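Just one chain is shown here, as structure tokens, and it is the form predicted on its own.
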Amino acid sequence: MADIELDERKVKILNAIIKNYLETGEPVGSRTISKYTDLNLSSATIRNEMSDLEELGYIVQPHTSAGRIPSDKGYRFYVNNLIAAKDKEVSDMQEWMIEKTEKMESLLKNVAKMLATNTQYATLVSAPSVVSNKVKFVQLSAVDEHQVLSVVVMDGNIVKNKIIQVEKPLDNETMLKLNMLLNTNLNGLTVDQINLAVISRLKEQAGIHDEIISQVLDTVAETITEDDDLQVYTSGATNIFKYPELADSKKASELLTTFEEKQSLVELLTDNGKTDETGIQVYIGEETPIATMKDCSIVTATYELGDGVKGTIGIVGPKRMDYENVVNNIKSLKGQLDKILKDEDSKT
């Protein structure tokens, strides 16, 4: 019979039976299910539903037990629905990330422009990037007979995709086993915590599919190199011409080139120097890590999106900058940015 014959209650009971059986290897009775689900049903009602599921062929009763175990049809239903649910979750997340990225780009450009207008200095803002690198979940799904899509989701919903080539097609049960293996062992771990012991255990349990495990782990490791692609938004670079000490043609040219090329700015915005209790860092002259900015002062602050995702706001001006005005502006915008991004995050 088709899966459509199962109502929501039967689906919840079937899922509870399968999950419990996967965990214990023991036939599952109605009393166990009454404690296992949030349905608040009596054991008698659950027994009736289990009888229906048995009649429909989703569970079977071993001769020596009053409990039930999943049939092949039950496993098939569970696997198909699990894969469909995870595929939808990944698809929804990717759509949300694309939409969020577009909104964020516009927001951060406006922040840079507003800061430049308010302070009359040059400004820069980095897009948020993952800091903690914790694995949220891993999803493998078949693309065709020889390709598997690996989707790794890190803290902050940073999504990384990779196509893995396989010699032989993987059936749904094998895919389920690998997904459960990966998530059981990796969820909540940082990249640093995925050590040789974890990797060896994973590969041993994966058996002939250990190469798939290796490629998933490569995908996880790749997330720590993402800073190379850090987006930096700038505004007000020409404001430096207003200050005689920075308006010298050679100095001004070097500063403008730094703002245009942006690569050096990544180093500044990812610098792990000391910040004060407000999260604000001030570089004066020689303290700056950028050679072309040794005649400047730079004030930076970190804003947070949560889940280990952070970005930086920065203001570049002469050493005689109005520090009080700059710090007030940067604190105000940092607070607003924190709130806007967290409000957006809570809507999803």
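Numbers follow the displayed sequence, beginning with 1. From a predicted model like this one, the values you see are computed outputs, not experimental measurements.
One more form of this protein should be noted, the form predicted together with the DNA, which is absent from this view; the next part is about it.
Residues within 4.5 angstroms of the DNA in the model of the complex, judged by any non-hydrogen atom, belong to 26-34 and to none of the other stretches in 281-289, 295-303, 314-322, 26-34. Think of it this way: in the model of the complex, the DNA has a heavy atom of just one of Arg9, Lys331, Lys19, Lys339 within 4.5 Å, and the residue is Arg9. Although the partner is absent here, Arg47 lies within 4.5 Å of the DNA in the model of the complex, judged by heavy atoms. In the model of the complex, the DNA lies farther than 4.5 Å from every heavy atom of Val60. Leu41 belongs to the set of residues with a heavy atom inside 4.5 Å of the DNA in the model of the complex.
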